[in-house]
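In the form predicted on its own, a lone chain appears below as structure tokens.
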Amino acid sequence: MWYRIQRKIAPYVFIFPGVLFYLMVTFIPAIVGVGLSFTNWSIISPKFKWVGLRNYERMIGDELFWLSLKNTFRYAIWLIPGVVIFSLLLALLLNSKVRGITIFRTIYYLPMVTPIAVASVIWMWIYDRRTGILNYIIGLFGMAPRNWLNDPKTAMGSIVAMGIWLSVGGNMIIYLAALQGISRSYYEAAEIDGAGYWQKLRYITVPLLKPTTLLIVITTTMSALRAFTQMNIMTQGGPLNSTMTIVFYIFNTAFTDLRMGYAAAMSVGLFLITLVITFIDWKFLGKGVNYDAE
């Protein structure tokens, strides 16, 4: 009898540390943050004053909030297709049995294990007007050097390029695993019917990769909506607030302006926006997705 009780209790004992950790670092702070959004608490003052929905009213009329949200969406809209397309292309190239293919897979995956702060500094060197390799390369074609990170027209695109480089490696591995999980019988049947490479790619590979694509789109969307480190290091939200993302604005509001209540309100708004976008992804991209094993 005691053995049966142990078997029933053991799973809960093992998951308890994880649940406790989740409650301490995620769930409880989130609840506290929602409560703070209804106050005017400042980090330098221990006093709380209930202000109701005033922070949310201020957020609706805050032009910089809407600008930062617009910049965040612009970053996400540019980043997501780039990550999906380049990850899939690399996975297709590396899904072959040739000599030394493991070395190439490792090389392409290396950016994924590079800290964002380190990657940001590296790309700042690449974009440097005087000594950057990018300006050197375009100079070979007779083009004038540019201030990539100091021009509102190119700053966001420059950060997006770095984001794609940083994200492609990990998503390539996910696509590669999905490709190797596709049964060869599909391709053999298509070859018997006379299908070529592009037909097999369009009618077999891409449809069967739809669950993987949905996963990558959702995770990349969440990553894009909370982009902060690269903007903080490379541009500090400039020039002219052209790279001011919502998380960077929340950080400045909380720890520079010391308006924790208002920053908490914007965090709640970002959470709701992320929830809606994730639901839209599931609603439209998840149509026809089937996770059942073949």
Partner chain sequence: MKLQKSSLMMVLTVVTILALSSVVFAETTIVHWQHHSPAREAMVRRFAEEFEAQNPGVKIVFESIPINDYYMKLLPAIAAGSGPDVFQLRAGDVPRYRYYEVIQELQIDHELAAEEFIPSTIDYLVDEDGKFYGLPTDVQTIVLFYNTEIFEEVGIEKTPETWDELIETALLITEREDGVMYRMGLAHGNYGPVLWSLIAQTGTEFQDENGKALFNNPQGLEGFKFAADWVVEYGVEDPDFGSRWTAFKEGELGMVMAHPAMLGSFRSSHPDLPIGIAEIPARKEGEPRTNVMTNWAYVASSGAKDAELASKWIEFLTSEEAQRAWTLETGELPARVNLLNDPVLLETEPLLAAPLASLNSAVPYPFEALSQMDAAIRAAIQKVTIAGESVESAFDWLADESEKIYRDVILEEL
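In this text, all values refer to a predicted model and were calculated from it rather than measured experimentally. Residue numbers count along the first chain shown, from 1.
Note that the form predicted together with the partner chain isn't included here; everything after this is about it.
The partner chain in the model of the complex comes within 4.5 Å of a heavy atom belonging to Pro239. Remark: Ser267 does not count among the residues lining the partner chain in the model of the complex, judged by a heavy atom distance of 4.5 Å or less. In the model of the complex, Arg54 approaches the partner chain with a heavy atom inside 4.5 Å. Looking at Arg130, you'd find a heavy atom of it within 4.5 angstroms of the partner chain in the model of the complex. In short, of 144 to 152, 104 to 112, 161 to 169, 214 to 222 it is 144 to 152 that has heavy atoms within 4.5 Å of the partner chain in the model of the complex.
A heavy atom within 4.5 Å of the partner chain in the model of the complex is found for exactly one of Ile43, Leu67, Val34, Ile28: Ile43.
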